[in-house]
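Heads up, the chain below is alone and in the form predicted on its own; it's given as structure tokens.
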Amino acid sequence: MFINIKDLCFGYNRSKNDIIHHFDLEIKQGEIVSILGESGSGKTTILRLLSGLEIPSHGNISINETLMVSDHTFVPPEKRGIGMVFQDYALFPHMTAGENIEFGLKGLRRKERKARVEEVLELVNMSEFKKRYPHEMSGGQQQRIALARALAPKPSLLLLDEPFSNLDAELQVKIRDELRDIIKQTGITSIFVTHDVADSRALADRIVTMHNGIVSDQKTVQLTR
């Protein structure tokens, strides 16, 4: 399996009880998995543990057969090869769309960085917005730039935290179909968390339902399109 999460436990310092209880999950390469659950179910915490923003009290996480975290191992976030799209998009307001995307391409030469920016802008159909600032773009446009920024370093895993929560209902339906097509085109293994069943069914290959820090159900999505 491309991602293997085994017996993961986690609790915040001031909490007496764990938020994540012996959580297990396996994900195949190229699969899009939705973690579905109500607020407080622990779904966003799983993303933070995967990305290295939190450290579990127990358990293992392996990505592409590399151990990222265990009781004796911890690979820092910047070395995990993970892209993340945050709920609020987290774009730098003083940078243009192109500059936001280029920011994470530290290891490339200038010419290579510019070429990669153009490549991902074209992928998300935002080439003409390269020189616009976040405040000059709609919520849907900002989301695409955030996605392009996450994809630019060619991560092995893409994490999305409530990617449609800031969009109105009509745009939400349009964007989620486009987002699935973009992710499938790149072939990147992806996990997104949501509380919306319709989002899960539209975007995911498999839905993992969480309740009180554990997996309560899993099912494969049968796409109708």
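Model, not experiment: these values are computed from the prediction. In case it trips you up, residue 1 is the first one in the sequence shown, and so on.
Keep in mind that the form predicted in complex with a small molecule is missing from the display, and what follows is about it.
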Considering non-hydrogen atoms and a 4.5 Å limit, does the small molecule approach residue 202 in the predicted bound form?
no
Please run the contact check for residue 45 against the small molecule in the predicted bound form: heavy atoms, 4.5 angstroms, yes or no?
yes
Applying a 4.5 Å heavy atom distance criterion, does residue 215 contact the small molecule in the predicted bound form?
no
May I ask you to state whether residue 19 is within 4.5 Å of the small molecule in the predicted bound form, using heavy atom distances?
yes
Out of 51, 172, 41, 62, which one falls within 4.5 Å of the small molecule in the predicted bound form, going by heavy atoms?
41
Only one of 152-160, 31-39, 174-182, 62-70 sits within 4.5 Å of the small molecule in the predicted bound form by heavy atom distance, namely 31-39
